[in-house]
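Just one chain follows, in the form predicted alone, and it is written as structure tokens.
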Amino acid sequence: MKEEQELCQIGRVLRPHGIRGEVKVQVFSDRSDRFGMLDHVYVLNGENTPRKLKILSARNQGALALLTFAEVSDRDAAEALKGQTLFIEDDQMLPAPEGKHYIHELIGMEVRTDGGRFSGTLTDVLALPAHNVYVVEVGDREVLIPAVPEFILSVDTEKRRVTVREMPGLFDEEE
């Protein structure tokens, strides 16, 4: 693994499946067939050091996947992975669909109004059922902005900037 690569969560091992080392995985990707496109994934050991696992087989089960790893040959070894999060490197990620962005791409972007005023820094994205909400740090407080076209006018990954519609009271200090 390259030193500068970051790891992105792609799933979590739920439990062993059978006696030959296969595991049932909750898939975090929008693509339920995602594991079938990969050669390997990573898990983190106790010191947060990545351990590479070679994928031998991947089968879809809706939002779940059944995986077999070269390094996991029996139920006991599969049981040891229970609860572990599976990661991939940035360069293993599929490109985001047109007009969409990965959360890790958004974190740290500056937020400006359409009038050009610096308003804060995007620090988190809340994935809610109706739509995502951007958490923007403004001084010593947080402002929540729905990630919908009425509020978010543009996201420029090159300039690392999110432009939001200027709305009275959105970034003003409460009195």
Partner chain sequence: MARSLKKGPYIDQKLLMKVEALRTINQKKVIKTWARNTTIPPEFVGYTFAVHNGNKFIPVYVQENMVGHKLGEFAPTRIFRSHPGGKSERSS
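Residue numbers count along the first chain shown, from 1. Remember, predicted model here, so these are calculated numbers, not experimental data.
What comes next is about the form predicted together with the partner chain, which is not displayed.
TODO: Name the stretch: of 48 to 56, 112 to 120, 137 to 145, 66 to 74, exactly one has residues whose heavy atoms fall within 4.5 Å of the partner chain in the predicted complex.
DONE: Correct option: 137 to 145.
Open item on the list: Residue-level contact is defined here as any heavy atom of the residue lying within 4.5 Å of the partner chain in the predicted complex; does Pro129 satisfy this criterion?
Closed with: Pro129: contacts the partner chain in the predicted complex.
- [ ] Considering only heavy atoms, tell me if Asp33 and the partner chain come within 4.5 Å of each other in the predicted complex.
- [x] Because no heavy atom of Asp33 falls inside 4.5 Å of the partner chain in the predicted complex, the answer is no.
TODO: Although the partner chain is absent from this view, report whether Asn60 comes within 4.5 Å of it in the predicted complex, heavy atoms only.
DONE: No.
- [ ] Classify Gln92 as contacting or not contacting the partner chain in the predicted complex by the rule of any non-hydrogen atom within 4.5 angstroms, answering yes or no.
- [x] So Gln92 counts as contacting the partner chain.
Open item on the list: Using a 4.5 Å cut-off on any heavy atom, which residues of 19 to 36 would contact the partner chain in the predicted complex?
Closed with: Result: Gln26, Val27, Phe28, Ser29, Asp30, Arg34.
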